[in-house]
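Coming up is one lone chain in structure tokens, specifically the form predicted on its own.
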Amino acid sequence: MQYRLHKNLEVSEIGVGCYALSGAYGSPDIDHFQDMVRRAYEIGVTFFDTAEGYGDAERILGNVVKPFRDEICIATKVGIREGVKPNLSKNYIYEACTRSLKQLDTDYIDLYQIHFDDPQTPVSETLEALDTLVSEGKIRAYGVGHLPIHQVKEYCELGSPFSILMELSAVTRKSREELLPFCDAYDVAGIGFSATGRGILSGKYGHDAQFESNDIRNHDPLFQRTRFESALRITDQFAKLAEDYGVIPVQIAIAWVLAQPNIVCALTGSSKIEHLEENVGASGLTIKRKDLEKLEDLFIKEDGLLAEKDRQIIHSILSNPLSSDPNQAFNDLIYVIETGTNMDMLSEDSAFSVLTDLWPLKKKLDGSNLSKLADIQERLKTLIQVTGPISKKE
């Protein structure tokens, strides 16, 4: 394992994320997850990322790393959890940090990260709370993540964040344009999560991919429509490149993330020991410049194809009646929100507002919610200003 130093923290360049413990990818096997964390420590992983919003993940992680707590970095997040609206007020942050310290069974948190935006609380108030926690020794550093771009800029200008948490993989690259420039301009570390494209870049998922009913990938736009087709084409190219390097595709995928400027850690969400060991095998792997340039040519081509097709898909979903299948209707609206945001057709603030109303409907996707889904479709139609038929050139 190789390590990267930024400011006062040295972290393994491949880290382990605990999002799976929230049940996002199906029912987690807690015992196996704990074994995986122990194995991760044995083979050199020192960066473990969790959140107050990941169910019981903090307690589980804190329990398993207790024997080697001072040899690793624990990162957790604040701002949103089950049954609580986004809250970054001074009082909430103090209370949440105390709660996380107890859950993790530790005296300090290495990296305390903003998880989601709270538009009701000024950034200055949140920063005051974070700076106080640093001065009290309860946290060593703080970072930001999942925030609108203007908020990231404000945190960087008014505070001293250690890191920006960003989704980054060869199939999800927008953060290279929007967030990595902040890392360079403000001396902030980049931490890339979903480095394997939620498993797509492993080459293990094709058109016949099946997930547990409660796996978020059933609704993830990355596994839907043209975005999935594009991701599979990119995966094929990574598989060919992996053969040239004598490694497996997922290792090339992680190495690509680590090759991006100012990235200090690539987070992977493996829960199985065999997958963990495969991921860690990417440490120290260097992709040649000529191969990186060929990949950039591929990305430009794919971006062009996606821009043309996704604009037509968004128009079609918003201009026609929703599917009578509630699951399909829900997935189509998620596709519009995320893809529309990526294409700058929908502002991040608007997207978050709509998603806040849409996501709870996932708990009961049946005929009773079709009218609510149709109302959200109308909201999106207004926000994106879809009118009339779309031309093929568009």
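When you see a residue number, it is the position in the sequence shown, counting from 1. The structure presented is a predicted model; accordingly, all values stated were derived computationally and were not measured.
There is also a form predicted in complex with a small molecule; it is not shown, and the following applies to it.
None of 268, 235, 163, 100 but one reaches within 4.5 angstroms of the small molecule in the predicted bound form through a heavy atom, and that residue is 268. Contact with the small molecule in the predicted bound form, defined as a heavy atom within 4.5 Å, holds for exactly one of 278, 110, 291, 302, namely 278. Of the candidate stretches 59 to 67, 46 to 54, 350 to 358, 324 to 332, only 46 to 54 has residues whose heavy atoms lie within 4.5 Å of the small molecule in the predicted bound form.
Using a 4.5 angstroms threshold between heavy atoms, residue 197 counts as touching the small molecule in the predicted bound form. In the predicted bound form, at least one heavy atom of residue 204 sits within 4.5 Å of a heavy atom of the small molecule. Contact check for residue 18: a heavy atom falls within 4.5 Å of the small molecule in the predicted bound form. Contact check for residue 272: a heavy atom falls within 4.5 Å of the small molecule in the predicted bound form. Shown here without its partner, the chain carries 3, 174 and 252, none of which come within 4.5 Å of the small molecule in the predicted bound form through any heavy atom.
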